[in-house]
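Okay, so here's just one chain, in structure tokens, the form predicted on its own.
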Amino acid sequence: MWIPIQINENSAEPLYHQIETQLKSLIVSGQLEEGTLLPSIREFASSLNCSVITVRRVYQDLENEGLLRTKQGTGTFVANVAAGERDEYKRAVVQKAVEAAVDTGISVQYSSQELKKLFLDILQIKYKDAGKRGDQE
């Protein structure tokens, strides 16, 4: 099974963290459904051109979080993720990104009004491009 993970080798973020974050997002968003069999550690490492140790760490971390389950001799599967956990994860990811944007605005002395206008402009463009309604409250 091919899993859409994008690795940026020029990023300061550790490789295992890039993989873990993206795999976690795929699971929590429902793009990888409960019961989905993931590639073996060796297969996944090979497809990502990374170490088996890196993928093993990702699988173990996500299993410890309850997002994956491993059956000896069968493989690693996506575990059941409750709707509340999905919502909490989505909120945390978006909040972290918005906080980073606000921190950047503050660091370049962007006023809160300028930042708010910029955010609303981008929100409108992105949701329009995605074919979603951005005016829901």
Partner chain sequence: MMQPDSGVAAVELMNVVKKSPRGQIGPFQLKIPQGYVVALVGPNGSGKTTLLNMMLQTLIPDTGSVRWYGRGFEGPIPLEIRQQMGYVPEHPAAEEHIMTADQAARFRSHWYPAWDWQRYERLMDRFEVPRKEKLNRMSKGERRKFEIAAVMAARPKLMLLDEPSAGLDPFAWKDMIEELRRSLDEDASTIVLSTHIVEEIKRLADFVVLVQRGELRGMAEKDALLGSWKEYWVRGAEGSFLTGMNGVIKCEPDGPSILRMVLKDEAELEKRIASSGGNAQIIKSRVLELEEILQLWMQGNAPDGLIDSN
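What we label the rigid core is the largest C-alpha set whose atoms superpose within 1.5 Å from one form to the other. Just so we're clear, the structure is a prediction, and the values are computed from it rather than from any experiment. Positions refer to the first chain, counted from 1.
Quick note: we don't show the form predicted together with the partner chain, though the next part is all about it.
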ask   = Hey, with the partner chain in the model of the complex, do Asn10, Ser51 and Arg56 all fall inside the 4.5 Å heavy atom range?
value = yes
request  = Using heavy atoms only and a 4.5 Å cut-off, determine which of Glu33, Glu43, Glu85, Glu99 is in contact with the partner chain in the model of the complex.
outcome  = Glu43
inquiry  = Looking at heavy atoms inside 4.5 Å, which stretch does the partner chain contact in the model of the complex, given the options 86-94, 43-51, 65-73, 24-32?
reply    = 43-51
request  = Determine whether any heavy atom of Leu115 comes within 4.5 Å of a heavy atom of the partner chain in the model of the complex, and answer yes or no.
outcome  = no
request  = Give, in sequence order, every residue of 63-86 that has a heavy atom within 4.5 Å of the partner chain in the model of the complex, or say none if there are no such residues.
outcome  = none
ask   = Does Ile53 show a Cα shift reaching 2 Å between this form and the one not shown after rigid-core superposition?
value = no
message = Does Leu37 shift between this form and the one not shown by 2 angstroms or more at the C-alpha, the core having been superposed?
response = no
